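What follows is a single chain, given as structure tokens, in the form predicted alone.
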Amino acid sequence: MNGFARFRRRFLRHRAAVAGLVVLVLMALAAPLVGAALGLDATQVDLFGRYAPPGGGHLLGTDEAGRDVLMRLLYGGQVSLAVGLAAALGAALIGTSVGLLAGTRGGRVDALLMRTTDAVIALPVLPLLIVLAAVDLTRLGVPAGSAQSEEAALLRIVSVIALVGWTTVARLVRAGALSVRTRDYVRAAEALGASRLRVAMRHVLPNVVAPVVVATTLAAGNLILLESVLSFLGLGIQPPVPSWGNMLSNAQETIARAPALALWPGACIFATVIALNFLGDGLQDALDPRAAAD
């Protein structure tokens, strides 16, 4: 049995991971399909239909502006998932680069990079994120039109979250690189004159991919939570673009009148984080080289 077939079989045996993957796919793809099927638009305002109860064409009712709650949840899920996954990938890229360089170079480079990692870990994450998210891009030379665009808001929040989320991956990659460096085939490659870059890319990196994939998947859930917190505080994704965080922020003002407006985005965040954790567990089992052969 080849490697991919073995991976697929192991992953499919993990039912919770499969269920988590299904939930994430539905969260990512359901919005346009549901909108087309029901003839609804997440941005359509109906001030005469504010706080409508579920039913009557709105399966979950409407919000304070008469917009369909279900459609805003689905499109908000796309935004939150995109931010979380993009930030997780960015953090994984930074962490892999730092860990690979530290593990393969050693010495002063290793010590400097690991102390930098320790310093980032020691920083108070939420206050730092608040400060970075509140930076006015126009003062950094970004044109006002670009700084206030939806794309700039998404890119900024992804960059800010990725800048503090890479430390776990860096430590995992460094530990894996230090272990792989002592193996005979790596020593043989070095004895034959292979450069450090070639050794790192051809022999070390493939051996640390599995833990990086698992760590990235698990980190995505935490990064979605961070995005939700920043959006809740008004420093993340800005309306009218929906995200679960800013939906919660809007709902706090009307929680006495319409508590469901806070319940639904909270439940979606909870379900998504659990699904990502299940997916990470399944990937860990499927990629574990110590697992018994099928």
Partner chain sequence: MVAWLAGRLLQSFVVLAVMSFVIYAMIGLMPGDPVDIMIAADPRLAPEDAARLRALYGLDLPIGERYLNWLGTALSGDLGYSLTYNRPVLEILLPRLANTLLLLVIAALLAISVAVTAGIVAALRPRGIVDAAINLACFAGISVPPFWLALVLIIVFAVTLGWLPAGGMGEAGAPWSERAAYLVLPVATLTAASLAAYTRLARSAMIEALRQDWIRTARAKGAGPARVVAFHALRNAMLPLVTIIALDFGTLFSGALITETMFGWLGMGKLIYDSILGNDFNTALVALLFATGVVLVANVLADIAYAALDPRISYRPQEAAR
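Only a predicted model underlies this, so the values are computations on that prediction, with no experimental measurement involved. Residue numbers count along the first chain shown, from 1.
Just so you know, the form predicted in complex with the partner chain exists too; it's not on screen, but the next bit is about it.
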{"item": "Non-hydrogen atom within 4.5 angstroms of the partner chain in the predicted complex for each of 9, 101 and 185", "value": "no"}
{"item": "Heavy atom of residue 273 within 4.5 Å of the partner chain in the predicted complex", "value": "yes"}
{"item": "Residue 266, heavy atom within 4.5 angstroms of the partner chain in the predicted complex", "value": "yes"}
{"item": "Residue 119: touches the partner chain in the predicted complex, heavy atom cutoff 4.5 angstroms", "value": "yes"}
{"item": "Residue 233 within 4.5 Å of the partner chain in the predicted complex, heavy atoms", "value": "yes"}
{"item": "The unique member of 175, 89, 130, 213 whose heavy atoms fall within 4.5 Å of the partner chain in the predicted complex", "value": "130"}
{"item": "Heavy atom within 4.5 Å of the partner chain in the predicted complex - residue from 193, 124, 143, 206", "value": "124"}
{"item": "Sequence-ordered residues of 238-260 touching the partner chain in the predicted complex, heavy atom within 4.5 Å", "value": "248, 252, 255, 259"}
